[in-house]
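In structure tokens, the next block holds one chain alone, the form predicted alone.
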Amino acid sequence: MNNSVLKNIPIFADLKDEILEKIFSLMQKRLYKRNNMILMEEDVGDTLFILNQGSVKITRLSDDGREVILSILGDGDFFGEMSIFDGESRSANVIALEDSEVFVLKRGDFLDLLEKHPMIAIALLQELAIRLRRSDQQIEGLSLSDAENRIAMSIIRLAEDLGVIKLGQVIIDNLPFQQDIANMAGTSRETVSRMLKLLDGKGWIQRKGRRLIITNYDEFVKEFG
């Protein structure tokens, strides 16, 4: 591992090499196997996590004990920032969806970096604004849409978070399991299975194992977004 990997992390992408070297020296690398719990809700937190490789799900439990997935994060994303800023306990669980590699920064080191390098703070605020906007859209979609549309909207979220755009298509490798998609959409695994088959049959998507391709992403968003 060397500091060049930090250039692929959006909140550090515009920094000079010497600054990246300093940040890199403050980080520790951690590896998590699929289904490992990385953070637990209500734990005291003083660490920022930056996802270098892999994917994680951000979850909470509903009043009746069901898992609700708030977000899925992929390469270059970060989590744990709320406890960094307010010093309070963690607000959600974070679980590895696949074998994942993360960098960790202690609260004091990260706050010192924000003070010395405002560009990091600006990039961080931009990312938080994007997440807030997506959360608003998710809340509106869950409250106004039927189950099948919620599943399609969840696929759009996965495309935004995990997908790679190429020639108008979006490719999602290592698609989360159907139960995880159901937990994102607030529906059942059976409904997800039925909706994926329907979308596949109509030519909106193609599936091969854990890979999903949205064949015309712009049109898909117009139809379901």
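Just so you know, these numbers come straight off a predicted model, no measurement behind them. So that there is no doubt, residue numbering starts at 1 and follows the sequence shown.
From this point on, the text means the form predicted together with ligand CMP, which you will not see here.
Using a 4.5 angstroms threshold between heavy atoms, Val94 counts as touching ligand CMP in the model of the complex.
Residue contact with ligand CMP in the model of the complex: Arg131 places a heavy atom within 4.5 Å of it.
Among heavy atoms of Glu101, none comes within 4.5 Å of ligand CMP in the model of the complex.
At a distance threshold of 4.5 angstroms between non-hydrogen atoms, Ser135 is in contact with ligand CMP in the model of the complex. The candidate stretches are 78-86, 114-122, 146-154, 101-109, and the one lying within 4.5 Å of ligand CMP in the model of the complex by heavy atoms is 78-86. No residue in the set Leu175, Ser193 and Arg211 has a non-hydrogen atom no more than 4.5 Å from ligand CMP in the model of the complex.
With the partner omitted from this view, the residue of Ile38, Met27, Leu70, Ala159 that lies near ligand CMP in the model of the complex is Leu70 [heavy atom within 4.5 Å].
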